[in-house]
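So this first bit is one chain, no partners, the form predicted alone, shown in C-alpha cells.
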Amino acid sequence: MPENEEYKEVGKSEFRSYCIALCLSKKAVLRLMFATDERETDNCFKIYAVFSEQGTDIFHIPFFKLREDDLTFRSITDGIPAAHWYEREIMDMFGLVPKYHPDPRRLVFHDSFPADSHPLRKDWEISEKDLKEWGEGMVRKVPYDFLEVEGEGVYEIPVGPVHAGIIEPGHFRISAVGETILYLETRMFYTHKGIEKHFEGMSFHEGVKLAERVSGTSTFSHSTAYCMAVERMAGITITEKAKAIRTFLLELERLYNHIGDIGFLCAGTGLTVGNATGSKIKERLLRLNDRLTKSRFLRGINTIGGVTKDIFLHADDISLTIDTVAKEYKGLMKLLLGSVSHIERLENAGILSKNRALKLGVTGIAAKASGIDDDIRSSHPHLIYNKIFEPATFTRQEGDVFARMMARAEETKCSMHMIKTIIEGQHEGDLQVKADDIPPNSHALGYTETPRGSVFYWVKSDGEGRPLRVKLRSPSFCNWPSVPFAIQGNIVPDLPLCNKSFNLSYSGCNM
C-alpha cells in the first residue's frame, strides 16, 4: 500500500462524525467519495471517502461496510457540502441510499432510465423488466423537479441541453427578473458513457486507452493518473527519464489549454482579435504535440511502467516552438490587459467567494482565483515536480472572471519555465520498466493536476489481479456545482462569459 494513503475502517454510524472531525482537526479537503461492490469477497458494499490533509502529503481514507439487509447510510452532505454529488452518484450507481440528503433527486440517471437499476453492482445486467421500463418515465412525462423561484416579475430561461457548436449537452435553467439572474440550476449527465463499468471488462493495460478518452482537453492528465494508480498498486517505480517526459507533457497540456482558454474569454466580450490570437497560439502547440507524439492530444504515450516515445529527441523543435509561443503570448496579454472594454467586462463578474469554494471542494483555477492555494503538484508532489515546481502561489482574492483569467496567466508563465527547465536538464533511464502482473486484491490512488484542477483515480484489483473497481473523478465534477453561485446576481448576457471563465467539461461529468 502506498505510504501516503492511510485507510481506516469505521462503523457506519461513526462515519459522518469521523469525516467532519478530519475536516476540522486536520483542515482536510474531501477529494473523492465512492462505493465498491465487494459482496463476492467480503459479503458487503463499502463506501470510501478520500481526504487530503493540508500541508502534508497524506491522504486519509475512512471507509465503512454496508450489508444487504440495510443499504442506507447517514448522509454527510449537511456537514461536508462537497459530498452532495458523490452521494447522489452512489445512490444512482449502487442503490445505496444516503438518508437525510438535502437533495435526494437522481443525478446521473435521467427520467427514462429504469428505476431500481444500478449498473455498478457486480451482478447487474439489462433485465427484461429494465427493457420494458426503459423510457416509461418520458412517456409518463415524469418531470425533473427544478427549483422554482416565485415572485413578481420572475421568469425562466431554459438554455440547452443542446447547444450551438460541438459541445456536449447540458441544461441551464435560469430564473431572472429583468436581466438579473436570481438563480441558476444546472443539469448534466445527458450522455453518460459508463466508463467506470467499461474498465471492469478490460485488462489494466487496455485501460490506459480508455482513460485517455475521458476528456479530450486532459487526455494526458487522465492517462498519467490512471497509470500512476496501477503502478503504485504493483510497486512499480518508473525511471527518472519517464518521469521527466510525463511531467513535460503534463505541462505542455496545461500550456495549450490555458492559452486557448484565455483567448476564448474574448469570445464572450466581443474582442475577436484576442480570441483568434489565442486559437492561433494553441494551434501552434497542438501541432508541436503531433510532431512529438503523432497525436494532437498526446494519446498513445503513456503505458503502465513508463512512456512509449522519447520526446527529448526533439529538444531543438521544442525550444524553438516555446520561444515563439512565449513571444506571441506576451503580445496577447498586452493586448488583453490594454483593452479597457474587455477588462471592464471581466472585473466583478461571476464572483465565487472563498467560503463557498471551500465548502464545495472546488479545485484548480476556480479555487486559486477565489483565494485557495490548491495544487496537487505541490501538496502531493509526484513525478519530478518536487525538483522543478516552486510552491509559488497563483492565488488571487477577487474570485471573479478577471481573477480566473490572471490565475491562468500566471500558471502559463510557470509552465513555460518548467518546460524549458526540463528540456535543458539531463534525465537518465529507459523509457519503460517491466510491468509484471498486478497483485491481486491491491488498490491505490493516482492523481495529477490538470488544466482545470486535480483529477483522481482509485483503482482496485480482484482476486485474480484484474480490475475490480476503477473510480475516477474529474475536476469538472467538483466545479460544476459552484457555477450557479458565481452566476447569481449577474446579468443574463454575462452568463456565457462567466461560464467560459470556468471552462468546465460536460464530458468530465458523463463518465
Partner chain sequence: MYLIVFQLLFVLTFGIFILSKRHMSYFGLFIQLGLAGITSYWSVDVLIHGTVFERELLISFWGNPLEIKVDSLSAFFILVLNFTLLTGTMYSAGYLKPYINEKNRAEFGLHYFSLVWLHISMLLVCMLRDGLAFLVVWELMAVSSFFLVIFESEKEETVKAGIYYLLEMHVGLVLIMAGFIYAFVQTGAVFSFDGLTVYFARFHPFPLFLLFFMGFGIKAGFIPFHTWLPHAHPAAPSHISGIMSSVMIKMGIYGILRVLTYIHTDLLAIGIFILIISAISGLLGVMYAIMQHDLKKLLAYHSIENIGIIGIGIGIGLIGVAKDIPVLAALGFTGGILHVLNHSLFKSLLFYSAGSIYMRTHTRHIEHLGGLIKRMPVTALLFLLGAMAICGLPPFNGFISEFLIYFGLFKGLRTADFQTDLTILGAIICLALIGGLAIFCFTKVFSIVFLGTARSRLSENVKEIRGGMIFPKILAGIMIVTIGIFPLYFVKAAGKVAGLYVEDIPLIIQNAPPLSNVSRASLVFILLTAFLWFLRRMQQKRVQIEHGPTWGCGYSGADPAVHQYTATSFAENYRELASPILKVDKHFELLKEEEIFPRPRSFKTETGDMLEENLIEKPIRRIIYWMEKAAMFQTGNLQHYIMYAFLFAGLIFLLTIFKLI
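Residue numbers count along the first chain shown, from 1. Nothing here was measured: the structure is a model prediction, and the numbers come from that model.
In what follows, reference is made to the form predicted together with the partner chain, a form of this protein that is not presented.
- Comment: 177-185 is the region of 403-411, 126-134, 177-185, 365-373 lying near the partner chain in the predicted complex, near meaning a non-hydrogen atom within 4.5 Å.
- The partner chain in the predicted complex comes within 4.5 Å of a heavy atom belonging to N355.
- For the chain shown alone, H84 is a contact residue for the partner chain in the predicted complex, at least one non-hydrogen atom being within 4.5 angstroms.
- Although the partner is absent from this view, G11 stays clear of the partner chain in the predicted complex, with no non-hydrogen atom inside 4.5 angstroms.
- Contact check for H171: a non-hydrogen atom falls within 4.5 Å of the partner chain in the predicted complex.
- The contact residue chosen from Y190, F113, F297, F394 relative to the partner chain in the predicted complex is Y190, the criterion being a non-hydrogen atom within 4.5 angstroms.
- Put simply, of A326, V154, M202, M333 only one has a heavy atom within 4.5 Å of the partner chain in the predicted complex, and it is V154.
- Applying a 4.5 Å heavy atom cutoff to the partner chain in the predicted complex picks out F485, Q488, G489 from 460-498, in order along the sequence.
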